[in-house]
Ligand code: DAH
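A single chain, nothing else alongside it, follows as structure tokens in the form predicted alone.
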Amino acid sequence: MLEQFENIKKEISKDLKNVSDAEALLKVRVKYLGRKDGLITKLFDDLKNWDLAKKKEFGAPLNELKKLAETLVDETEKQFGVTQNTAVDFSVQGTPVLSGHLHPITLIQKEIEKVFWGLGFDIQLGPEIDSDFYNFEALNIPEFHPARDMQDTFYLDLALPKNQPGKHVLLRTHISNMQVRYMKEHKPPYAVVLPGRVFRNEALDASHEHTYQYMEGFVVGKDITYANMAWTLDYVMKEIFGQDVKTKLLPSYFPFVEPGAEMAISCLICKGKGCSVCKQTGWVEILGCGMIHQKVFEYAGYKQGEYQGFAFGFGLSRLAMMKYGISDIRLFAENDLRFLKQF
């Protein structure tokens, strides 16, 4: 009998070493200490049938065996956050853990970055607070230029660092503030896109906001042409919105490109029939673009005429509206979970 007790001790130790979770530990407790079929419990059930001499010889060792088993199991249970008085029902369905997800603007940003990455573009970030030099002068927008009035700029009451060119500090109105910065640090050829926030002092409505996610990009090399720009942007729009989307380039003016253009896509909200988003035209202006002005290259330290390139910029909110069929841009910033959970 004592040999049987020793074998049970060894089995308990061996089983506990192989336990990896609370469920497996519960099985070990039931195996040895279960009320009906536990090995040690059965020995106590047999005890009433023993004669007096046998009870005196083996009763105490059996009690010690039970106490040892309980102690070993209890100590192991503490490792899994389970106590002896804890009732664990593994058949009960667990409480679901709610996890977050990406914002729809972030979703489309990542999708667009993937498309440009596939075309060989680098992806960079730039400062949101900058000097008027990089935001305006270096982009062929000198002081008192009327284009500055079009930007609706937020100026900040901050002093420029001593080594920073310019006169004022501002919240960038476009990510073009990175053009000359990037050009000074890299030698052509290169292609880069820059996502981030921009700020415009504009009134809020269904299609305008004062702070929004933007993406700009530019390509510079020896033989870059307008046709390269048209193909690239048409390709990206079709990758994002589907091969059936139509695009068109219309002449436009931006001081830092010449010639300049705006690209429009067929409205995905109304399928070209006319709605409030496309202002009943069937088309939605989606981005501005053009061939980089030689004055910008001069600010970057390049020789005039040595390189050509094109630049473009678009609001990610506007693209998300088209992508997901949303008619009011303000929904993206209201943090309404009923809206955000749809993505």
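Residues carry their position along the shown sequence, with the first being 1. As the structure is a computational prediction, the values presented were derived from the model and not from experiment.
Unshown form predicted in complex with the named molecule; subsequent notes refer to it.
Taking the partner from elsewhere, every residue among Q179, F254 and C289 has a non-hydrogen atom within 4.5 angstroms of the named molecule in the predicted bound form. Note on the interface: of 100 to 108, 152 to 160, 212 to 220, 115 to 123, the segment with non-hydrogen atoms within 4.5 angstroms of the named molecule in the predicted bound form is 212 to 220. This chain appears without its partner; in the predicted bound form, the one residue of A311, A69, L62, V284 with a heavy atom within 4.5 Å of the named molecule is A311. Checking R148, R200, H168, K238 for any heavy atom within 4.5 Å of the named molecule in the predicted bound form turns up a single hit: R200. Contact annotation for H174: at least one heavy atom lies within 4.5 Å of the named molecule in the predicted bound form.
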